[in-house]
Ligand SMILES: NC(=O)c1ccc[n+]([C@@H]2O[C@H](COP(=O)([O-])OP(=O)(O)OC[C@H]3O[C@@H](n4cnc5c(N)ncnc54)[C@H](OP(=O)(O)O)[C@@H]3O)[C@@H](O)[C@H]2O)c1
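Take a look at this single chain, the form predicted alone, given in structure tokens.
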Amino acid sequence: MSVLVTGGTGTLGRDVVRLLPGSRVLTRSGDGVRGDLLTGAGLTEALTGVDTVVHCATTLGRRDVDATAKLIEAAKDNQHLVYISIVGVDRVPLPYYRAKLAAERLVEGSGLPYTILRATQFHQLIAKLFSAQRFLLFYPALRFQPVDTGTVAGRLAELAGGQARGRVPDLGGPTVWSARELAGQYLAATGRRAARVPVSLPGKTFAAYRSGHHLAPEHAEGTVEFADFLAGA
């Protein structure tokens, strides 16, 4: 089986490539298979001979839709497309989530054999919420279910090695934590002292988060907690 990974040098993609020996990485420059997801240049050639594409690349914005459209346009009818998305993209009206949902819809309507996996927030994102702050530690008055990228990559590698399954069950981290608890874990791991200050915002997006639409407690998996990630970071 020949596998091509988009976003193979990113936070998640690196773990996917590590778990799929012999897989190739799509890249605009440097080592790897040359191809540009935003312009479509080189994609047809990059996909030649490929059985499965694990699509991890993201622009963190609306261009995800364009990139996915270019990938689908260049793909062959029998190529299995495995797409990583986010839990709650259909219920949280965040602009980036809307883009991920639109990309999902493109994959579903592509005519290609496909598998879509939605995961909760990565440990790296939660850490980033706190790392830029100094004297006070502001945290959203919400809950999160952070998941290890290795756990997500393991599931993607498993899905890439099998038949297309459509939308598969969501994947969440092992525990749902309040952001206050996660902030406390961050302070303990970094040896910092700072007052934790809750932040609550109006609007539909924050309300959707507050309702837990970004969580998947019924699909809690993996063993790496946020504190474990911080200890090894």
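Residue indices: 1-based, along the sequence shown. Just so it is clear, the model here is predicted, and its values are computed rather than measured. For clarity, a rigid core is taken as the largest C-alpha set superposing within 1.5 Å between two forms.
Below: the form predicted in complex with this ligand, not depicted.
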The chain here is shown without this ligand. Which stretch in 194-202, 28-36, 176-184, 160-168 comes within 4.5 angstroms of it in the model of the complex, by heavy atom distance?
28-36
Would residue 57 count as a contact of this ligand in the model of the complex, using a 4.5 angstroms cut-off between non-hydrogen atoms?
yes
Distance check, residue 120 to this ligand in the model of the complex, heavy atom within 4.5 Å
yes
Hey, in the model of the complex, does residue 86 get a heavy atom within 4.5 angstroms of this ligand?
yes
In the model of the complex, does residue 138 have a heavy atom within 4.5 Å of this ligand?
no
Non-hydrogen atom within 4.5 Å of this ligand in the model of the complex for each of 7, 10 and 96
yes
For a quick test of reading the superposition: does residue 51 move by 2 Å or more at the CA between the shown form and the other one, rigid core aligned?
no
Shift of residue 191 between the shown form and the other one at or above 2 Å (CA, core fit)
no
Taking the rigid core as the reference frame, is the Cα of residue 30 displaced by 2 Å or more between the shown form and the other one?
yes
